[in-house]
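Just one chain follows, in the form predicted on its own, and it is written as structure tokens.
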């Protein structure tokens, strides 16, 4: 653990609580648990972003469709309510990752991603969702010369595909945000919005209820049963019998067992500062309020909140043996100290600031870092998984595509190889744990060696895994 007393003093008043939920008056009332048997045209399992977008889009497509959502805890209890609030147009966990895997489709994927982000903005306006939406754009900052070297070529390719990306040199990026670490940046002016993630999920819940969607909370689905031309979704105190079932279970074990080999849970962590004073804010600039992510393989993401706190997360992505997801893993003192140390190197002028909140949680990742789709029960059940922390916006695309599959539609989305092809599965334990940990060690080494990838990473590149985050 980081033992530097100077760093640890900044964590003295840290509270292990989710900052987004701190006394928020917009949090809606609980929905009842499922008691007894009900019928539906569509049953959605999971009430995070993916599930709520699925329900909302289903009702918008067909207002007469009877849609039921069933959630094991409460709406937004998982990654949807605790992420950093970066709503990005990327559907592939960044452009470079997409080019590595779907180069021939990237012009279409990039356009669909921009259209998807625009539709999210329109939905927020249409349903008057109060979620602090800000179309600030995002800076991808290089903190070492090797990270900047590939940025001009990436900008050229992205702009040819319709993005609006600008290369900033050292002086230009430091004029925007005053950090001694920055060597340059890519500025995507309109491809990312900042949002309050909890308020977004609550707003989607209210929109669903207003359209007639029925939501049941605290009702864990145990299993699916095939019944003629329908599927029965079994919970402890009742069941939903539906013609179609959409699984939006994210990091939790899929109800389609064959899908489990493609996903592992990794824990991501965030810390938040106290509100910045006028003097502190002036010392760092940041008048554009852009979202920021650094360009390393192990990267931080950070942003200003509405009340001028800085949310700082990322870097560590921790996989626990056998993929265990436990409540006690959501607090990690060692990671918080690492995050604070890196924060103070990025903004040394903020020395002495207090961190007030810290939390963590599991996100679902797959070997290509981007969502994948599948079906079961003779096409009556569909799922989408593997968002890897980029789900604030891409879950809407994932939901729309999942609905296309359930409705038997031939669309531009369903024709994508990205949709038709699954990622490579993870090996079984204990090989899985060894594979992930050694890969993470290699990634860390690559960052320390000016991006040079060792034999193991080059092998993964050659077989189509290409781990880079």
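Numbering follows the first chain given and starts at 1. These numbers come from a predicted model, not from an experiment.
The form predicted together with a small molecule is left out here; the points below concern that form.
Here the marked residues 72, 83 and 392 all reach the small molecule in the predicted complex, each with a heavy atom within 4.5 angstroms.
Heavy atoms within 4.5 Å of the small molecule in the predicted complex map, among the stretches 162-170, 241-249, 274-282, 109-117, onto 241-249 alone. Mapping the unseen interface onto this chain, residue 423 falls outside it, with no heavy atom inside 4.5 Å of the small molecule in the predicted complex. Interface residue remark: residue 301 is counted as part of the site for the small molecule in the predicted complex, having a heavy atom within 4.5 Å. Among heavy atoms of residue 34, none comes within 4.5 Å of the small molecule in the predicted complex. Under a 4.5 angstroms non-hydrogen atom cutoff, the small molecule in the predicted complex lacks residue 264 among its neighbouring residues. Checked against the small molecule in the predicted complex, the residues 370, 219, 147, 346 give one hit for a heavy atom within 4.5 Å, which is 219. The listed set 340, 215, 255, 198 contains one residue whose heavy atoms approach the small molecule in the predicted complex to within 4.5 Å, identified as 255.
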